[in-house]
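In structure tokens, one chain follows: the form predicted alone.
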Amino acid sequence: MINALSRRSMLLAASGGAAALTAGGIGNAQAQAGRPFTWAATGGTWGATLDRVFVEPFARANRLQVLHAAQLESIATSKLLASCGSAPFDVTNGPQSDADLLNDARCLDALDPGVVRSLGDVYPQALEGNFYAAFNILLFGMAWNTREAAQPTSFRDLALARYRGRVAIPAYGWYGMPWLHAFNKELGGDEDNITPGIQAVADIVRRNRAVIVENADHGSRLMESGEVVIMPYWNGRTARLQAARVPAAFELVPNTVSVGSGFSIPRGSPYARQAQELVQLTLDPARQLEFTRWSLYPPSNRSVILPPELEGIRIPPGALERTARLDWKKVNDHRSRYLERWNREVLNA
């Protein structure tokens, strides 16, 4: 019977200092909340692995019934903005940009270093203010076909004539927005002046007939088929291509985008203390290593020692210092206006 209840069942085990169980068998925090501890994250294998590695052990330790609110990160963020202070979720999984947008609207709780004790072990690039700590490092740099392309040195390589018809760029609604800002900085622009980036990307689309990549799976298919030989893409996804014997490699070029994945705590959660404990669990070295074995994205905790079979995904010393420094608040402030320019100037190039 217990096994049949699975991930969404009531899990009865107390964590140190937890309140006594009620007569119904649920902790006082859960009884007062009137609902399960609810975590928002995308579904599929990503959500299932978050559940297995982080959420299930947390739920067992805290004797909590948990509920996965599976949805796109952008949808969860919109819901949290609309319900600021009375959130339907107790944690939400997403990148720095979403967390910064929520924090700017005063919809997030700060992380408590008394509970989230591993903050000092995390790469600075995986932290955002006092409200966000990623559990792994997603890098959006350059992927290339090692048989048909040369090792890239810059995003500018997308404009090389020898790659005409075999390059790709990310859709704005996928990760094109942060990539555009990063490329724009390499070209001398900043968050308030996107013109250098827009013009360069429009030129890549017009002259080199760039394919628009709609999502990570689409990008993998393009590289597997050989239709595309060079494009901005993820480090972990490129490692998966290598594991599948696709002749691909990843390059952390200057202004590569560092986009973590982590849990934020919406303001007003009835499980505020437990949410902090879940964030701490995501920073645990053993848990991060387990997630890394599946995702092939490097852990954010610098104390994690990767085994020999994962040495290829290790972040070289000082490499993260070459990543783009983006003002996520300004990136979000300009989101809609720059989308209009992207649609008009890039897609119609």
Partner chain sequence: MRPTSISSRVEGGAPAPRPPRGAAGDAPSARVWLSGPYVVLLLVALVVPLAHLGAISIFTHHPRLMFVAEPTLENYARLLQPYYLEVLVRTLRIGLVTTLCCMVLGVPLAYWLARCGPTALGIGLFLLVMPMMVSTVVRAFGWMIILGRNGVINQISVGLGFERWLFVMNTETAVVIALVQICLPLLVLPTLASIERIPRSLEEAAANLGASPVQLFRRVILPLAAPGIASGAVLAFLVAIGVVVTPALMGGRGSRMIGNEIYDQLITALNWPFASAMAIALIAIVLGAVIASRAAAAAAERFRREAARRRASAGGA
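Numbering follows the first chain given and starts at 1. The shown structure was predicted, so the numbers you read here are calculated from the model rather than taken from an experiment.
A second form of this protein, the form predicted in complex with the partner chain, is not displayed here; the remarks below concern that form.
Using a 4.5 angstroms heavy atom cutoff to the partner chain in the predicted complex, none of V115, I305 and R314 count as contacting. In the predicted complex, the partner chain lies farther than 4.5 Å from every heavy atom of R325. The partner chain is not shown here, and in the predicted complex it never comes within 4.5 Å of any heavy atom of G188. The partner chain is not drawn, but in the predicted complex it has a heavy atom within 4.5 Å of L101.
At least one heavy atom of G173 is located within 4.5 Å of the partner chain in the predicted complex. Only one segment in the set 234-242, 75-83, 126-134, 147-155 has any non-hydrogen atom within 4.5 angstroms of the partner chain in the predicted complex, and it is 75-83. With the partner omitted from this view, the residue of A249, A216, V205, L160 that lies near the partner chain in the predicted complex is V205 [heavy atom within 4.5 Å]. Interface residues of 36-61, taken as those with a heavy atom within 4.5 Å of the partner chain in the predicted complex (partner not displayed), are absent.
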